[in-house]
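Here we start with a single chain on its own, the form predicted on its own, put down as structure tokens.
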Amino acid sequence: MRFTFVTLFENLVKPYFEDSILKRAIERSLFEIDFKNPRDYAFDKHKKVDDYKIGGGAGLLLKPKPLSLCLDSIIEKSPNAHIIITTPVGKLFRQNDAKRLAKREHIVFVSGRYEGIDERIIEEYADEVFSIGDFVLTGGELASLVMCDAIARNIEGVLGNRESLSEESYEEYLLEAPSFTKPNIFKKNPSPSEFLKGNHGKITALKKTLALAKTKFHRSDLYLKSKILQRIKEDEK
């Protein structure tokens, strides 16, 4: 698996992979990262990659020609590259997207800057267009990093314990159940006594109950989806 970041600011992205789980995964060749800078494909004297909007409006856009040449160079060497463009108007990135995209061989994240990217680049090159939330960032690098992290941890072998994935939030539309560690009592507040008794069947059932309660409190939209999914499963029995 390879991730390519198309960005003007490689140093905003690269340090994230220099520590912890993702660093170890790269060292074990579970995935690799590389970078492409559109400025390297701007052939005017000043290496200009942005310009004013046609029709007026505040801010500058990334010009289509350098980005086009940059992406063409990637596709030429990697015809199966899956190109993702980050933008606030894209569909919301979800856990199911992360799991699905972890099966790709090469993902290219295109990070916009300034007021974004010329729309013709999006129409011509984007296989998918994603947003990570209903807010606007200074650039697409943070969104690209968020998605890359979520995808990478679903690659086989990246997490030390594969079972961690099955217990995480958003599996079957549920948030992850509350977790506890030692001491068993902290500031007079005990952890659930059932967790200390070693009955794994009862612990699993309690975790499911706590996950339902947490989801109902924090995310009623997901709670309703989880109840519908549960009914479907019961009807299929």
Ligand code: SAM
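Numbers follow the displayed sequence, beginning with 1. Remember, predicted model here, so these are calculated numbers, not experimental data.
Beyond what is shown, the protein has a form predicted together with S-adenosylmethionine; the following relates to that form.
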message = Only one of these stretches, 101 to 109, 81 to 89, 152 to 160, 67 to 75, has heavy atoms within 4.5 Å of S-adenosylmethionine in the predicted bound form; which one is it?
response = 81 to 89
ask   = Is the gap between residue 95 and S-adenosylmethionine in the predicted bound form 4.5 Å or less for some heavy atom pair?
value = no
inquiry  = in the predicted bound form, does residue 119 come within 4.5 Å of S-adenosylmethionine, counting heavy atoms only?
reply    = no
query = Is the gap between residue 125 and S-adenosylmethionine in the predicted bound form 4.5 Å or less for some heavy atom pair?
reply = no
request  = State yes or no: in the predicted bound form, is some non-hydrogen atom of residue 143 no more than 4.5 angstroms from a non-hydrogen atom of S-adenosylmethionine?
outcome  = yes
key: Contact set, 124 to 154 vs S-adenosylmethionine in the predicted bound form - heavy atom within 4.5 angstroms   = 130, 131, 132, 133, 135, 136, 137, 138, 139, 140, 143
